[in-house]
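Two forms of the same protein chain are encoded below as structure tokens; each is given separately, as structure 1 and structure 2.
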Structure 1
Amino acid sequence: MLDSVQTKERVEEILTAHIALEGALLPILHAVQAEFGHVPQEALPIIAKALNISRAEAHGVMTFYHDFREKPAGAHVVKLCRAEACQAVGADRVAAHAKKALGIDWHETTLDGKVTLEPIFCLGLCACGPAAIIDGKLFGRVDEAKLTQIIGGLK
């Protein structure tokens, strides 16, 4: 964990790298999240000040988008596609299996902090669904057995 001074320093560095972009806020939020795994509370006022917008505005933007997290996720993030083409090949069944196996619902993290489960709406893998993206790695034709195997392999 970084302390808040280090956090501020890293955010300042990210700001310096992105501030000249036209419409820099999303690239900045992405970079901050890539660095910290979420957008830390103390980052928002610094970002808002640098972009000359209100803190409420920065917060409003951040919360509008599904991708940005206010709190850290579990050690692993399992995102399962819930959209139609994956439904047509059993995505609902696989999702129910995941919830049961992990003992959590969408947007929750297992008690040991290991796995966060999230829905995603289409990964462009619609001809080889059910699709998943787990810690940034893509998976196609994910059935119950394959999911059990993947989850079992998460450290």
Structure 2
Amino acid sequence: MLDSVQTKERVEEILTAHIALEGALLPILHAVQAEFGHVPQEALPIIAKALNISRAEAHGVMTFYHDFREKPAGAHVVKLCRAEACQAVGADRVAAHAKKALGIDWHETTLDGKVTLEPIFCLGLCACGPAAIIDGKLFGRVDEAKLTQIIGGLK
């Protein structure tokens, strides 16, 4: 785990590498998250100052996009599609099952730190819904049984 000085230094290195890009805020946030596994709160004022934007604007952009995290994710990330096409074929049941099986809600991580549950809005697998992406791997036609099997393999 990095301390505040190390975090600041690494964020400044990321800024140097990305500041010249047009629309640099999103690439910077992505790079910070790639580095730390989340966007540390102490990074936002540094980013805002470098881009000459308010802290509120940096925070607003970060919290608007579902892929950015304020806390580190678990060892495994389960993202369940919440789009209408998946909902029409049972995604709500699968989501309720996932929450119950893991004992967490959206954007939470199990107490053992192994699994984070996140909603995602359309994976492009509309004909194969409900869809999920687990640790970067796409899954189609996910039902409660299939999800139980997948989650069981993560623990």
Partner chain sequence: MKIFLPLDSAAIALGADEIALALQAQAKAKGIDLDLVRNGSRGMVWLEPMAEVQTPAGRMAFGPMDLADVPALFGDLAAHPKALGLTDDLPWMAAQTRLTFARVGVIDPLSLADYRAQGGLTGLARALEMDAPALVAEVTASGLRGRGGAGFPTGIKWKTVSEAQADRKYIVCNADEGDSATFADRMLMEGDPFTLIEGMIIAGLATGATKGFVYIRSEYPIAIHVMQQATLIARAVGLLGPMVMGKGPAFDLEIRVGAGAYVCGEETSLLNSLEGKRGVVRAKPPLPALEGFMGKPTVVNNVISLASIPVIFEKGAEHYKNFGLGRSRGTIPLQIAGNARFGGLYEVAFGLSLGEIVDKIAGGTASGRPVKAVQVGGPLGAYFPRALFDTPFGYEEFAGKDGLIGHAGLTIFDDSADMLAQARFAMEFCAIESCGKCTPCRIGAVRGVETVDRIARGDASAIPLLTDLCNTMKSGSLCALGGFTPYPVMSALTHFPDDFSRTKEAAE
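In this text, the rigid core denotes the largest set of C-alpha atoms whose superposition between the two forms falls within 1.5 Å. None of the values given here were measured: they were computed from a predicted structure. Sequence positions of structure 1, starting at 1, serve as the residue numbers.
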| query | finding |
| --- | --- |
| Identity of the form predicted on its own among structures 1 and 2 | 2 |
| Threshold 2 Å Cα movement between structures 1 and 2 for P27, core superposed | no |
| Backbone CA shift between structures 1 and 2, K114, after core fitting (angstrom) | 2.6 |
